[in-house]
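Next up is one chain by itself, shown in structure tokens, the form predicted alone.
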């Protein structure tokens, strides 16, 4: 591997991005960045400031003034650990709208690039636009996908929610993320697509490790 080595892992919710990314990062002794958690933390800041998500100018102002970081699997907002609260329903129901604001994405993309650079440009970075926008020159681009029913089953199992409502929520977010004007969820040029529907977590990790070992 070169000194600089970035693995971009993209895909919708419920495909195992976080767990796969963490295990691949651990295997290669790379840093791991969950960019979705950063968008959630930015959304939490907006909610805590009492700013309506429809007020783009004020949302941008809030996001521009915050400090975000990740270390040892924890996400911090202005120095406070928010790893749990960013998974709340309030954040989940709002994050796609906040993340769709072009200026918010520009701010967060810059943060993500700075974070990776500060970690010697060696990281596994997961999200929805990593291979297409954030790191288009990534050493390896992976796109994880799965059947919507299987994704809903996994997510409902994690959250203890109803399968039907979980699937509807996933479909809404997929539509929102895939059709936004800026940095939509898409398969990046050159990405290797892995359908995880009928694969175990270990099998997916092994596939990504095998691909990374060839780079």
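Keep in mind it's a predicted model, so treat the numbers as computed, not measured. Residue numbers count along the first chain shown, from 1.
As for the form predicted in complex with ligand C5P, it is not shown, yet the points below apply to it.
The three marked residues, 17, 35 and 128, each reach ligand C5P in the model of the complex, with a heavy atom inside 4.5 Å. Comparing 59 to 67, 175 to 183, 44 to 52, 160 to 168 against ligand C5P in the model of the complex, the single stretch with non-hydrogen atoms within 4.5 angstroms of it is 175 to 183. The contact with ligand C5P in the model of the complex, taken as any heavy atom within 4.5 Å, belongs to 95 out of 82, 140, 116, 95. Ligand C5P in the model of the complex comes within 4.5 Å of no heavy atom belonging to residue 123.
Proximity of residue 144 to ligand C5P in the model of the complex falls outside the 4.5 Å heavy atom cutoff.
Residues of 76 to 112 placing a heavy atom within 4.5 Å of ligand C5P in the model of the complex, in sequence order: 87, 95, 96, 99, 105.
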